[in-house]
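In structure tokens, one chain follows: the form predicted on its own.
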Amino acid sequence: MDASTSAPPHAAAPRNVLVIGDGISGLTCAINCAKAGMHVTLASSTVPERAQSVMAAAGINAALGRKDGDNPLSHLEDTMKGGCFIADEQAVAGLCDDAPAIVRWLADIGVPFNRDAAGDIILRAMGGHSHKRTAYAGTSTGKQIVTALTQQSRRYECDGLITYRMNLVFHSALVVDGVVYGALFFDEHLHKLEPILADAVVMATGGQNGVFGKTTGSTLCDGYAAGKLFIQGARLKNLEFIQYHPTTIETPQKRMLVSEAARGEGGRLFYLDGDRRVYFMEDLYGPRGNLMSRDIVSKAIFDAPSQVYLDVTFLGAKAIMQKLPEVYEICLRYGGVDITKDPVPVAPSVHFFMGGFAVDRHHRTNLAHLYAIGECASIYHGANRLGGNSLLAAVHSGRVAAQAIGEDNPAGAPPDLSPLITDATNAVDRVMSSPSRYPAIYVKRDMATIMNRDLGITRDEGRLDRARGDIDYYLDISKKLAFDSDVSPYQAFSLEGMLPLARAIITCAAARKESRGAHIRDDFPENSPDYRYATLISFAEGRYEVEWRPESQAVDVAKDWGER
């Protein structure tokens, strides 16, 4: 354990762990905590089978030591390069070293990875990788991993070590003087708040899709939890780095992902110049141009002079149905295109958030006894995530956090939390009894319009200033309006976290006056050594304060927790 980021010596493992979110990272953390003898409460608004993790299609990365010479060091180098060298290299090394063991463990617990005739796991190519290193289970890898992890968690549930609590929506942390003692949840059935106390609280709440409206991700991951904890004292990091997936198709509700697996199997991007196909990625970057990193491909599609198409027809119907069945179904159902016969029109869409809670190498935040894992934690991906690393980071972070929780002291006996609970309950009661019929969803829709308009694939100072002014307006009126509760009081009180999070994203994007990875400034088109740091942002007395630190120093838990 690195002394610069470890907490002070501790005496005993915590007995009760609260994990918020039941996707791949949350399930992994819960399983590993239960395996160590801790009791876990797994709280979520829905069942694991509806978590965003089930949408992950392409696969999970691991250097499995095949004949092509791949190894964890090469995986590390590709990940650091893809992230534009601002990720914590030691943390990334741990991620890449752990990857082969993670894939073997997942296979052992029942994930049906595709295998060749000899029984070896088949690896496919993904963008930004120097080797084929992505293991996959058809094009539903995330779904298969969630299923296997859920079965494992149910075994510990039978042993009394994991307790599932469904229909609970995170409201706020129970935090006093920088120490977290549990969380408050809104029960969507009973319409009241419920406290759950714990020795350690783990956030596994996913990305910030709700702030941007229509994305490739689940609307259940709306960013509220990160925003609420931000105004409660948690530091956030690298919020300006928002990954656009190059290939999606639009539906009335969201953007549907056309998996990178399609390009990994040889799919080609082109636009039409009259009747001539222009394979622009190959023209720009050579034979592997279609598998450049996602920031590069998205920007190239954005700059294309006409509609861009993805073509896999040359693979043949049999290969497409064997290797890309879900891509076939998605394109046919939502785009009306049979990809065995025709290319499909695609466009970039918000897909993944490299920014989130600032955590140390053990996934501790700056608030004592609060941990963050999965997409809501920012540590491994730097300025841009490589395809196949999200599922890997989800499992790895859950394992790492569980180990850290076992080594850290419990939070101890809480102080009197009744004033916090009473104040929160009164606020929710005011929402539910409000005579106003002003719909909170209108504000959310406007917020998403603003964020997509001004924090798209490219940004500049004028657009960021406009976004800041528009979000500040809604922050102001949201304090004065009484919102409706027709659907759920959550629609109203979630603005308390989502609007400050939107403002924090804009602040980080304005502060980074360069282009790096998924943050592209038209007015600062080059990257600069002055910004080869993590962007940390904190909230203090209504101010959004940005500072710059090397990634490895983004959270100094020994100092922060030692002051509690």
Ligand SMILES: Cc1cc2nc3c(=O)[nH]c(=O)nc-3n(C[C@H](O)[C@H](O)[C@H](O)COP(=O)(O)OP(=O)(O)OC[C@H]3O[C@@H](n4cnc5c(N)ncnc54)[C@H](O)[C@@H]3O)c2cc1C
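The model shown is predicted, which means the values in this text are computed figures rather than measured ones. Quick note: we count residues from 1 along the sequence shown, nothing fancier.
What comes next is about the form predicted in complex with the ligand, which is not displayed.
- Though the partner is left out of this view, C221 does reach within 4.5 Å of the ligand in the predicted bound form, counting heavy atoms only.
- Using a 4.5 angstroms limit between non-hydrogen atoms, N409 is distant from the ligand in the predicted bound form.
- At a distance threshold of 4.5 angstroms between non-hydrogen atoms, G206 is in contact with the ligand in the predicted bound form.
- For the chain shown alone, V169 is a contact residue for the ligand in the predicted bound form, at least one non-hydrogen atom being within 4.5 angstroms.
- If you check the ligand in the predicted bound form, you find no heavy atom from any of G267, I339 and V346 within 4.5 Å.
- In summary, the region of this chain contacting the ligand in the predicted bound form, judged by heavy atoms within 4.5 Å and restricted to 232-240, 197-205, 471-479, 304-312, corresponds to 197-205.
- Residue Y490 is the only one of Y164, Y490, F483, F113 with a heavy atom lying within 4.5 Å of the ligand in the predicted bound form.
- The contact with the ligand in the predicted bound form, taken as any heavy atom within 4.5 Å, belongs to A58 out of L495, L501, A34, A58.
- Residues of 331-356 lying near the ligand in the predicted bound form, listed in sequence order, are H351, F352, the criterion being any heavy atom within 4.5 Å.
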